[in-house]
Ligand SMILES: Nc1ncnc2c1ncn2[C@@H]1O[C@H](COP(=O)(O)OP(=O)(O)OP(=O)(O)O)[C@@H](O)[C@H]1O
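Okay, here we've got a single chain as structure tokens, the form predicted alone, with questions on binding and movement later.
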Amino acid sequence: MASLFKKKQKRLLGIDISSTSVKLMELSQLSNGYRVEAYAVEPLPENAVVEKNINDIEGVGEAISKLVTKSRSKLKQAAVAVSGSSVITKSIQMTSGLSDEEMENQIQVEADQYIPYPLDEVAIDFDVVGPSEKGDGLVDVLLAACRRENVELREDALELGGLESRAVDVEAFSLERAFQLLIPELEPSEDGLTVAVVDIGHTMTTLSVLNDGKTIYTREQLFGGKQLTEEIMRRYGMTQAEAGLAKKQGGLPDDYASEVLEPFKEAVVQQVTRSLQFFFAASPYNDVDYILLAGGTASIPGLAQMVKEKIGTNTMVANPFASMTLSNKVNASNLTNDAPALMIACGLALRSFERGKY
């Protein structure tokens, strides 16, 4: 079976391949937490990745090579993730006490019941979650399947970048893993802690709702920081590269804040509101305890405060590294700025320390 939950023995680099950049995270484990050993972000060529699909594997591989050099990490084994929209997950029940090999054989025989694609086109893997409530002697097993091409393109891109793929994860699972680091900052309610993580990427916004640390709902929609970049390009006659740089570093005309940035922030609030409305309509929930903003757009000054004021829910910018120590290779200020966009890379790096789970 191709491994979406592959066993691993050594520390792994977390490599997140997004629409506009690749991100690297290296963590080590201390007696009292984690340490950021290295991290880096490297831009991708335009349209190298479109809506989470790799179109230019050489461009992505070259960016990964530059990323590794920039980070000064010595690790060569890595974990990478496929997007949630490209993965089918299903919880099934199996007899407890079966070996991994016996479970694998049974799943292979029965997989066509669960997977709506030809089996020779998909990568399938599974993870035993624990005892099932549906009967004694049964365990719940999480089955994950993804088109093999999506997995192989990511593995090939890592190889072109000088890395070895040791695990292919799912973005939603990686986000869930990184979210565990944020729980100590949050106050649980009587019904447990329900948190909406809104990851605003370049072209895609992903809502993940977690209850007591487990993902109960995900939804993707086309919206992201690209809209802001395009409006800067249109209004000020800039190229995409110039607009992207100005968006991060400043130096735009005086009317930028009121005429461009504020309307975009309002649009973000509308998207968050709409995403939550879809969740409430599809679930027994009518509220969440917190909204966590992730992705590069989350770093826009004042955005979290606007979301809180408009929606009426405590809102924070995600930073899974807040309580970590840093190596002398890591710039603390840069890491804080990039932190919301590093949730998936962080979750991938954390796989190194889950001995025996996968």
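Sequential numbering from 1, following the sequence displayed. In this text, all values refer to a predicted model and were calculated from it rather than measured experimentally.
The next section is about a form of this same protein that is not shown, the form predicted together with the ligand.
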query: Per-stretch contact check against the ligand in the predicted bound form, the hit in 142 to 150, 211 to 219, 242 to 250, 267 to 275 (non-hydrogen atom, 4.5 angstroms); finding: 242 to 250
query: The unique member of 106, 89, 86, 203 whose heavy atoms fall within 4.5 Å of the ligand in the predicted bound form; finding: 203
query: Close approach of residue 28 to the ligand in the predicted bound form, 4.5 Å, heavy atom; finding: no
query: 4.5 Å heavy atom contact, residue 54 and the ligand in the predicted bound form; finding: no
query: Residue contact check: residue 300 to the ligand in the predicted bound form, 4.5 Å heavy atom; finding: yes
query: In the predicted bound form, residue 295 touching the ligand (heavy atom, 4.5 Å); finding: yes
query: Contacts with the ligand in the predicted bound form - residues in 11 to 43 whose heavy atoms fall within 4.5 Å; finding: 18, 19, 20, 21, 23
